[in-house]
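One chain follows as structure tokens, the form predicted alone.
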Amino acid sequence: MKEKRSEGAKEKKTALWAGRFTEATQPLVQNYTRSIHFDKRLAPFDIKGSQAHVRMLNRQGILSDEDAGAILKGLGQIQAEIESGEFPFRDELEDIHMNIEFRLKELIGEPGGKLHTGRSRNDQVATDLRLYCRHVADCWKSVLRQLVEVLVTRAEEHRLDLFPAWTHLQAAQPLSWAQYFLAFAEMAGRDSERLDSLLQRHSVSPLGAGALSGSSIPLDPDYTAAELGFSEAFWNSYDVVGDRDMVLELAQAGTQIMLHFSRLAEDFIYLSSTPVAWLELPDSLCTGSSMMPQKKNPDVLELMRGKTASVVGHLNALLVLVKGLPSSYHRDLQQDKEHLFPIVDIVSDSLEILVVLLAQAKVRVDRAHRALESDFLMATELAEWLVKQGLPFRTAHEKVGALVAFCVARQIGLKDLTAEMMAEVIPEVGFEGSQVFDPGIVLEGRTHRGSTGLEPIEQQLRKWKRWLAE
């Protein structure tokens, strides 16, 4: 008990909001309410916001040149201490904002108490979060661009190479590997567009909103907005201090990224599996078995699937966090960072791994090509050939289905059919119809935009090269 009283006394002395209280906060409350252990990553953004706030106060004549200079110098020293790992973080000061302000007063004395003029932690943390989310969105966009660049490179390498694509995990039709890689470029492109959209929508500075109604001190929110790179300042102080839309949208964008590439992870796990082996994963991204010496396990990809579940869970927690809150600011919102930061870490790490994975994974063209000869992959081509001969598609579909059944009963494939066998089931075919059983014709036969033909793939490659250039 003696130790707890000592800690409480220390808190009473150091807390920057303690003037109204006659009793020290109990240590268990200090521990329960603190956030410094996770929000310290906001430090560079908090300092940036404070620097802009100080310059504004000085410009408005609220801070003298001398005081503003001392504060800015102190903030610079604090930034250097944090970057070098020498900053004295204090749990009893709750969060990064109060830690920085308290340290500033230690370094420069009385002028440090003027930093918070016209400002509340409510608009301060809202500003920090927007700066942080903007930084993360820019980083994700940069890696997504790298990802698209790698996907385009792999697509160019494998324009002429086919594999048996699937629906329902059943062999369906031949598909170009280029078409497969460019499908994920489309997903990454949409992910990048989502980030562009949220950056544009939330380029609004909360600084100057105060606790919820602004300040009687003659602030200039437009100046701080411009200083911090926002398009404009807030229009409604009551809304902006409790607004976490940018946090939610960044978390949603991160979740969508993980959902897209969790599917790629599942594909690569299947495609590199022992029975399939159309892909070979780099040794440097795989692990082994503690018991079975021959194993090469795609653990990174399996964890990517698993971590996607964690991201979805954190997003759900964020949604539930804000669902029942009254308007304006509430301390519940402190918890948003406990869910946002893990999402950011998982998405960022996953994107970096994907760039390496996609660059180094080897397509086993020989094995995939052998697989093209099985499973009646060219049945649709034959049906469409019959349509070109004048048959209604439903009639052609039925006749080709009967031909497949004919082959299954005899345990042969379409390529094994003689002209006589085909004529027995589909008299309309004739010998030339057997030419549609060559998988390579899909590259020549598909000419409309977006399909897996050679020219449509070239169109896609040109599109993505323009996107990368822009």
Ligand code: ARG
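Treat the numbers as computed from the prediction; the structure is a model and nothing was measured. In case it trips you up, residue 1 is the first one in the sequence shown, and so on.
Missing here is the form predicted in complex with arginine; even so, the following discussion is about that form.
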Check: Any idea which of 313-321, 263-271, 326-334, 149-157 reaches within 4.5 Å of arginine in the predicted complex, heavy atoms considered?
Finding: 326-334
Notebook entry, point to check: Considering His97, Arg130, Arg103, Arg119, which brings a non-hydrogen atom within 4.5 Å of arginine in the predicted complex?
Noted result: His97
Item checked: One residue of Gln30, Ser35, Asn58, Gln51 in contact with arginine, assessed in the predicted complex (non-hydrogen atom, 4.5 angstroms) -> Ser35
Check: Does at least one non-hydrogen atom of Ala233 fall within 4.5 angstroms of arginine in the predicted complex?
Finding: no
Checklist line | Contact flag, Val125 vs arginine in the predicted complex, heavy atom cut 4.5 Å | finding: yes
Check: Taking heavy atoms and a 4.5 Å cut-off, does Asp46 contact arginine in the predicted complex?
Finding: no
